[in-house]
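The chain below stands alone and is given in structure tokens; this is the form predicted on its own.
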Amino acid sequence: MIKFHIDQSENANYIYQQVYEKLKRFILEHKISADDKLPSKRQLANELGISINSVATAYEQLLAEGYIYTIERKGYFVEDIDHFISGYARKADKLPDHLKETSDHKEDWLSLSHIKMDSTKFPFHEWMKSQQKAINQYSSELSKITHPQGPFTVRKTISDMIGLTRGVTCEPEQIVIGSGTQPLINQLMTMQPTNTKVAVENPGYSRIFQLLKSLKLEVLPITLDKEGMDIREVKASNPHFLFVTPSHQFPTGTIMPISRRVELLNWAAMREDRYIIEDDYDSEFKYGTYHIPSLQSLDQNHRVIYVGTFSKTLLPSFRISYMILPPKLLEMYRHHYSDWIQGSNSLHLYTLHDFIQSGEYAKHIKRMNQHYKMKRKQLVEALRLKFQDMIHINDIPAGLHFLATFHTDKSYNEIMDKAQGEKLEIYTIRRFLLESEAKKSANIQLVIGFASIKQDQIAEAVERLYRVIG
């Protein structure tokens, strides 16, 4: 006879759920044997003092999941289920400490991160208006799986915009929309032969470096000179792809001059299997200068793969990036990814389309340029005033971060430990050195971001930084 207690208190689970859970456990622990007949619904209901409907619902759920089977006019029987090798209902293993996570919210912390954006200035009202228009106009498209490269309408809008703002020459068909630069580069490089060599800037974007390494490609860190990636090292290493950030080198901030751009383009044009990946991640933000034309705008031989993102201008959580493929690589892409399901949020993409077409995107960029310009100026002045001769700032008026060198006898480990104690989020150059360590010297370098710090928090952030480094 099956015996168990039903909790009929106000806070207990539904009665049918209790019956279902108890019987399931009995079956899996083999306290009821295979092919044993279960009590009739009426009998079990009487024994437990509950309604027949509760038992019937529990039996139907067990039947649907395969724990029991039924024989017409004979009743319900237990299925023959193997024992779990590890034992059913064992206590869950304790998660190792190094895998545990804490809340994303850090109380009383201040951030000089280059990653975070200023969400307080985002025009949510205008974005929601564009989203409602997208729902009204594209409701049919939203019910479908879109083109692997993203909706053509959105690609056309992006193509027109970057043609005007970045001088990029392309057709909408060449654009591939993705949920970030990493997924797009992953798609691009997965198509390449295993003997492909990729040269990357050092210091540079460590996430891309690790991605390329994980794909088992030969990845070659190339040192930087005052004009960007060292062309002599490029020629000596003879890679198939160069990954560069010419408009605002990450993380040093260097803007690649026209002479070096032409050198790289000419190098790429000398062989059919050479390409340059141009990561134009924050070119929308220039302070006191005109926008620097993209490297792709100078390309006459279809050698540049242009990668852009809306993570810096909108919000990183929207996950909208894109790459522009030369015709030869576009053919290869369509062959490899004809069955690819587009990973970006279609509603966000159609909202972006209207946001750009309505002129709200351009207004937002203009406002944010002015806002970031003032915030950057305030932070630079506060740092110079506080640190005096202890600091040198690589003061290039572009992007959302700058490189600062501090004279100190503290090590990078000491700096990071003290920053933790001061509740100050900072990033050192060590994070971006690829396969090399920071040289021991009387100086340390920080990549200082200013997008997310509030203006009334700048003075306190600088004070904390002084206590960390001073």
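We call the rigid core the largest set of C-alpha positions that still match within 1.5 Å between the two forms. Just count from 1 along the sequence shown to find any residue number. Quantities reported herein were computed from a predicted structural model and do not represent experimental measurements.
The same protein has a further form, the form predicted in complex with another copy of the chain, not shown here; the description that follows concerns it.
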Taking another copy of the chain as it sits in the model of the complex, is R319 in contact with it (heavy atom to heavy atom, 4.5 Å or less)? yes
Q342: heavy atom within 4.5 Å of another copy of the chain in the model of the complex? yes
Is T196 near another copy of the chain? Define near as a heavy atom within 4.5 Å, in the model of the complex. no
Applying a 4.5 Å heavy atom distance criterion, does S143 contact another copy of the chain in the model of the complex? yes
Answer with one of Q357, Q370, S237, S179: the residue that has a non-hydrogen atom within 4.5 Å of another copy of the chain in the model of the complex. S179
Exactly one residue in T165, N266, N394, Q137 has a non-hydrogen atom within 4.5 Å of another copy of the chain in the model of the complex; which is it? N266
Can you tell me which of 217-225, 298-306, 277-285, 384-392 lies within 4.5 Å of another copy of the chain in the model of the complex, counting heavy atoms only? 298-306
Can you tell me which residues in 172-205 come within 4.5 angstroms of another copy of the chain in the model of the complex, by heavy atoms? E173, Q174, S179, Q182, P183, N186, Y205
Relative to the superposed rigid core, does E65 relocate between the shown form and the other one - that is, does its Cα move 2 Å or more? yes
After the core is matched up, is the C-alpha of Q420 off by 2 Å or more between the shown form and the other one? no
Flag for T408, CA shift 2 Å or larger between the shown form and the other one after aligning core: no
